[in-house]
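First comes one chain, alone, set out as structure tokens in the form predicted on its own.
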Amino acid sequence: MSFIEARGVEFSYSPDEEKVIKNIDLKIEKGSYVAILGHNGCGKSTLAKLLCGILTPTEGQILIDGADTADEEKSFEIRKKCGMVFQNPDNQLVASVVEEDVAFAPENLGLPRDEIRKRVDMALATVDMTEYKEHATYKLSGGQKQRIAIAGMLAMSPECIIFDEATAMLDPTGRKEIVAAMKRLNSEIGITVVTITHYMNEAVEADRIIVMNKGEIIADGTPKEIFSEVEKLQSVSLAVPQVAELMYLLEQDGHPLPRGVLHAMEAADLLEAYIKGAKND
């Protein structure tokens, strides 16, 4: 059974408004790393809130580890299993001291003090923020604040974390910190990661990419598969990673080079081999 499953999901914010989400069928396996792409207003953030139970479908059903998000009796169980990290880290911090902020959620679960201390230490270590545990939260950089927000989520021991454009308000250094944290959570701890992003180079790090347009899923595949479809992405106002775009433009110019190349070193090797081959012909 999939960890998250959407069955015929549709959603509108009011009966008089157009549907924001239309006929979504989707399965996300436990331990996977999924990126969801789409231009502004395509419904990806609404889908994120639906996938973790913050919103419930107007039509259809969403199951998280078998629990229906529309079942109010299961809401607490769902919140423990699947959490969300939002765009603005300042809106997620609730305490003035780092370790107190991370302890907030487990304290509200009524856990013993020793268990809370253990979870706080583990969470801070996971996001490389142990040395800041006694720092004031307001003095941290944007990337550091976002890592504390992630630590607060980790202290709940979730099985899945959904990042709703969690790097959008950060500088390049902060974005790298958060992407590294996502990868570590997924590969080392086995947490299911779903990231909503408009940064193509972040999506490259995922195992699977879902592309949305006008509330619907229009593509679903590996990064290589998705970024090979350059024209399709451009038709819905999306770019591709610079390396993939370079290879595409060279192919369009008559050079027989593969599409879907995602990393600079791979492109360099292919170009070197192509140039050498051309010289020998």
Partner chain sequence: MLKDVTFGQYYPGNSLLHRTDPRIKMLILIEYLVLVLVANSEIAALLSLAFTVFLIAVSGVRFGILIKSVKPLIFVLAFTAIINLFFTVGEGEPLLNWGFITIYANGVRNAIMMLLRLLSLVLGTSVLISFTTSPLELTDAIEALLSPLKKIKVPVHEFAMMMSIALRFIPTLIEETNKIISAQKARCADFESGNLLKRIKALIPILIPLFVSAVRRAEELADAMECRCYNGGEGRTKLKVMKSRPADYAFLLAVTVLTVAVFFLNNISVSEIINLCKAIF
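Residue numbers count along the first chain shown, from 1. Worth saying up front: this structure is predicted, and the values here are computed from it rather than measured.
Keep in mind that the form predicted together with the partner chain is missing from the display, and what follows is about it.
Out of the listed residues 179, 204, 122, 116, 116 is the one that sits within 4.5 Å of the partner chain in the model of the complex by at least one heavy atom. For the options 135, 198, 208, 79, the one in contact with the partner chain in the model of the complex, meaning a heavy atom within 4.5 Å, is 79. Of the stretches 217 to 225, 48 to 56, 241 to 249, 34 to 42, only 48 to 56 has residues with a heavy atom within 4.5 Å of the partner chain in the model of the complex. Proximity of residue 96 to the partner chain in the model of the complex: non-hydrogen atoms within 4.5 Å are present. In the model of the complex, residue 91 approaches the partner chain with a heavy atom inside 4.5 Å. At least one heavy atom of residue 106 is located within 4.5 Å of the partner chain in the model of the complex. Using a 4.5 angstroms limit between non-hydrogen atoms, residue 152 touches the partner chain in the model of the complex. Every residue of the trio 101, 111 and 156 has some heavy atom no more than 4.5 Å from the partner chain in the model of the complex.
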